[in-house]
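In the block that follows, a single chain appears as structure tokens, in the form predicted on its own.
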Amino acid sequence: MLNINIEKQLGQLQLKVNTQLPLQGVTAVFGRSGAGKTSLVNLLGGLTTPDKGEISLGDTLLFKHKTVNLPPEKRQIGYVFQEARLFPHYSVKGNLTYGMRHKAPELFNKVVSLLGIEKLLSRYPNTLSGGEKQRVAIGRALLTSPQMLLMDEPLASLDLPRKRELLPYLQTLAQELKLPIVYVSHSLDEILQLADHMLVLHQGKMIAQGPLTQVWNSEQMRPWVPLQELSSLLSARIADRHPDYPMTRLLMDDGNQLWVSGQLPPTHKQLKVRIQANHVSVCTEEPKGSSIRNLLQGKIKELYPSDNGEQIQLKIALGKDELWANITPWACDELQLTPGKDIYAQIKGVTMTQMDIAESH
């Protein structure tokens, strides 16, 4: 585990984080500007020093107050900044090999292939696009053979086409590499596509941390998402394909099933399914004769009236998963919805993440 228990005074902001992060997959650090996201990764990388506390990466103690403070070059941590920061007088190949501790042709070839930069090796930074520069910067960090990779909003300086260009490479890295990645971002869309875990900072304090689906569906995330954009993340796996129609059936852990458009390729991996709260309607009895294909059976967990009183946010328990629905107070009163009541949720739209988008209606 990556063990973090630190405090740091940053002007008027006191950063205080005490948590453990997994040593695999992508942990997204999310929060508004000034929440302490970049400061946290700078502390992990050794670019700044905590006022007190301790940081350890697996069995390696990186920092302990008044005892241990490994410099950045000894932490075996790769760092990718918002700007690529390439050496302009070195070719792409020269930039990539600059930080390599040992000659490792197999590693070099693997990283170059993963990032799709084979054709860029002889070029210089001033001839590259923003997305290409970031891919080279990521490759340089990986070729230092790090024990962990820190990425501080690597897409923030890119325009939308360049972001779309780079995201598939980041997805591939997250799936192929067996090292932890701490990924700072203020973009919820990026986090949905890349992260396995999530840590939320607010005014220097950690207010949520855990698996992505758990944090995304938590009450702590509601203030960060506009009412009309509230959504849920559910875990599912591919069960089979419809024999007559271009649809794929997904199976959830609690036995519920979802149909999505398209003939998805077989995989044993758990998939993330995103459902907008505005695409969910609820029934107290199983509906008959409906064109909506997806019906989930669950139990009401909580009800949260919106600040303007025009809607109620309903949280539905589906085994280990949770589903948000936006309904009117009129519907809530008429259906006599209360915590613990069994309910059916009709799903009007389903979006897959970490793969080609598929919609089901």
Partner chain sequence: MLSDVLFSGSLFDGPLLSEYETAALLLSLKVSAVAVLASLPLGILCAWLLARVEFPGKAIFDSLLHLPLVLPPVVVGYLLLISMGRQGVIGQWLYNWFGISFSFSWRGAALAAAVVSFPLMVRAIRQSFETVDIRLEQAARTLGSSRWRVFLTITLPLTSPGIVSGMIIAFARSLGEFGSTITFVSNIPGETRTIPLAMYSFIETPGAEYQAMRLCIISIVIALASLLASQWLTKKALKRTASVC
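If you're wondering where the values come from, they're calculated on a predicted model, not measured in any experiment. Residue numbers count along the first chain shown, from 1.
If you look for the form predicted together with its partner chain, you will not find it shown, but the lines that follow are about it.
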In the predicted complex, the one of 259, 108, 124, 169 near its partner chain [non-hydrogen atom within 4.5 angstroms]: 124
Proximity to its partner chain in the predicted complex, single hit among 234, 115, 155, 77 (heavy atom within 4.5 Å): 77
Its partner chain contact at residue 71 in the predicted complex, heavy atom, 4.5 Å: yes
4.5 Å heavy atom contact, residue 335 to its partner chain in the predicted complex: no
Distance check, residue 266 to its partner chain in the predicted complex, heavy atom within 4.5 Å: no
Any non-hydrogen atom of residue 86 within 4.5 angstroms of its partner chain in the predicted complex: yes
Contact stretch among 272-280, 87-95, 286-294, 191-199 - heavy atom within 4.5 Å of its partner chain in the predicted complex: 87-95
Heavy atom of each of 81, 141 and 144 within 4.5 Å of its partner chain in the predicted complex: yes
Within 4.5 Å of its partner chain in the predicted complex: residues from 42-64 (heavy atom criterion): 47
